[in-house]
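Laid out below as structure tokens are two forms of one and the same protein chain, each shown alone and named structure 1 and structure 2.
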Structure 1
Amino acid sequence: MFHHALEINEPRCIGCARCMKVCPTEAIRIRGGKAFIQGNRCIDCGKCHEACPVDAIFIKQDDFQSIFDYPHSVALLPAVFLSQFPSDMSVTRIYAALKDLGFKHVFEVESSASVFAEAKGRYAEHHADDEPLISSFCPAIVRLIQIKYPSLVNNIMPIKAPLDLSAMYALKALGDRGIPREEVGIFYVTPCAAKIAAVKSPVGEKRSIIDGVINMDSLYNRVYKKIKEQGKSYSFQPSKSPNLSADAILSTLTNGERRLCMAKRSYAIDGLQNVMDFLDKLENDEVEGVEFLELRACDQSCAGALLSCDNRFLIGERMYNRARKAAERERNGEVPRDREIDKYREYLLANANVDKVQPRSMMTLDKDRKVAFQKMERINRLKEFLPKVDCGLCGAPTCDAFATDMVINRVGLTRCVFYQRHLQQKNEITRQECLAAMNAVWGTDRMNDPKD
């Protein structure tokens, strides 16, 4: 059973089907006039959330108050969080506000960027036969491949993502200070729904060491409000320099991984549709000679993530400005903060691998191969009765998806309005039967006469 961060508020849902039309894995159906998410197909990419005109699809998170359940609560921040704020709000000021809100420690996810890069390099040395190797950074991409491109799961590098490596680093560093594990709460500030799912149901591991997840937009509002309330004259004790290296800061943007890899031929592709277009070619053996792929579900990668509070290009600009200043400090001899992780590098590298990623194909019709073939034949026969216009009036996104639903979910062919007309012309179906079929999809309210 896979955890999903996306949930539908049924009373608010108007059944407009926009979410159904944009879902890349055809995970959404309309039933009784409401959207319904099929968990076995969902990758938590959030396209449905973006498309919903009434905010009926929301992203779950843990209660912020749970940070006070631990004497040593840790805010595990992605660099993109710090770039949500205006340039006049310094990193040290944001760190201070986080501690005023209740966090005892702050670690940035990108602290482990160099460890993640080295772990991938070591893996690549011994797995050239699996090329192109695909980064495990983006959990939405990992789940997309599991579900829609199961033949490519062996290409995914079974390595912990930076958020998990940084959580390990935080626990180890605090443990060396004498703080027991039970007193430490690791709270990841997530920029997207897919990473919530990755924490709650990690791929290749039984459970995550991260204790809670806080949505980035929610924490941004808390921090911004705190800073404004305190005013510019607020006095605070600057924490230890939070300056990361330029490479670490940029690692979550598009090309962030690719620029550090040693592959002769590699691609950095962002945007879910762009990724799927490329994977289609890869699965059909239309692309050869590629050694490494950095694939990200969001445009501009994490700068364009679902829970961002600002324009992705402005966020990216702030990250590049921060990286440029970090590079200048490094040239002047300053040692970036992520070098502190070197003390634990071998420990992290020794524990960086996870189990091989397993396919989770949405097209599995039956465990019995003979029965599965029979169902596939039936689906192909049913497609002959469908108009192939993908109108969505049956409550499924495409005619092909509707044919599969008929076999797996046992819905009736009479939900197709074109087939209804065919039966009506032959006097084989009544108006009341047509209405009942549509009521099952769109609910009774839409079928009532507006004058009644």
Structure 2
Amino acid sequence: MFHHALEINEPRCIGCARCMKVCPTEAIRIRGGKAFIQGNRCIDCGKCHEACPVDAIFIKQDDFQSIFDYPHSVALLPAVFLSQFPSDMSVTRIYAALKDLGFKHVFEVESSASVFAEAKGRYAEHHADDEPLISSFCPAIVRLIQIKYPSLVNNIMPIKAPLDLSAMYALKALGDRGIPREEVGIFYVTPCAAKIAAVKSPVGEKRSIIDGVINMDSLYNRVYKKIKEQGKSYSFQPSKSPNLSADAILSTLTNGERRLCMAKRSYAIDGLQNVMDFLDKLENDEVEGVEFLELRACDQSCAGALLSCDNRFLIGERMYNRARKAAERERNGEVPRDREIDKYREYLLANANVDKVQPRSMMTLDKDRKVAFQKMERINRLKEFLPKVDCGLCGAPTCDAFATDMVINRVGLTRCVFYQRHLQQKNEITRQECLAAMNAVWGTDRMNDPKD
């Protein structure tokens, strides 16, 4: 089983099916009046979380208190975290608040952006046959390809994402300062659900070196509160040089990887629907000569991440501004602190590879083609009974998905309200049977009169 970060809070779920309608992999069904996520189809993109009107879909994180289990707790911050705050909030203040909250050390994920770029470059030199090479940056994309585009898994570069490279860097750097591994706890501050899933069940690796995950929105609240508490009295040595280079800051935004890659032809595509439209074409060999693809599940990439606390365009703007300032300081001869990673560059590059990504197709009806063929014929026959309006009243997102569910999960055709009417006309179904079919999907209390 694969770990998923998204879970349904059943008591809170009102069974409105909005999540089911937006899920790009048709992973959600309604049963007994509650949404249900099918684990083998979920890519943790978080579209359902966005669509839920009552916050019944939550993102599981680790207990914040567990940072105190380690004498040396590390906050591994994505660049978008700093851009959640208004631009007049200084980085120094945010860092000071993080220390006050209990983190001993702060590392930024993007400090390894240049190592990640180099690892991809080296890989690309020897893998022209697998072009277009697809970046491993976005874990929702990696999972999407595994389940929906299994023929493209070999195009994914089997390289650790910046998050893992920076965690390795932090461990190594702290180790060099004499801090033993057992005393270090690495806490990744995640902007999205997919990255949590990637940490908890990594693709192409046995286990992750990250010790815990904290949701970006919850940390944002804690930091904000802390800053308010501190007022003007906080103590922190501001560092003189910028933390990240401009390239590193931009790397999480759309085009951030593409602008640095050497490919003659490449695309940067953000938004799941856009990505799927392109992969459909790619899978058919309809696009030729493309060397590199930067694919991101979220609109505006990580600026539009699920756990962002502000509008994606405002966050993107702050990131650009931060990058512009960093570039100016670099031009004035200041060396960004992320160059410290250069000491460990060779070590990181030597350990940057993971196993090839394996397909996990959700498309297949059966491993045995003979059986799959029979199932498909039954599905096609059942489809002829269905109205093709994709109303969702059967508890499946589309008529096609329902037809498949009938054959795979043995749910009954009477769940279709059109078919019910059809049977009623011929007097072949009782009122009780109709109600029972509705109740199976929508729960037992949905047909009651509203209370006064």
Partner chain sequence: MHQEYTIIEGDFVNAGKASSSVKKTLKQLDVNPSVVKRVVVALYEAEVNAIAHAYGGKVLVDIDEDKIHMVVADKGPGIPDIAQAMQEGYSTARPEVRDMGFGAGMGLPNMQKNVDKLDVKSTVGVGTTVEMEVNFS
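Small disclaimer: the values here were computed from a predicted structure and weren't measured. Please note that residue numbering is based on structure 1, beginning with 1 at the start of its sequence. Basically, rigid core = biggest C-alpha set you can superpose within 1.5 Å across the two forms.
Review point. Quick one, which of these two is the form predicted in complex with its partner chain?
Key: Pick structure 2 here.
Review point. Does Q38 count as moved between the two structures, where moved means a C-alpha shift of 2 angstroms or more after fitting the rigid core?
Key: Not so; Q38 is displaced by less than 2 Å.
Check your understanding: Taking the rigid core as reference, does the Cα of R421 move 2 Å or more between the two structures?
Key -> It does, since the R421 C-alpha is displaced 2 Å or more between the two structures after the core fit.
**Study point:** Residue shift check between the two structures, rigid core fit, R177 Cα at least 2 Å
**Key:** No: R177 shifts by under 2 Å between the two structures.
Check your understanding: How much does the C-alpha of T430 shift between the two structures, in angstrom, given a rigid core superposition?
Key -> Displacement of the C-alpha, rigid core superposed: 2.3 Å.
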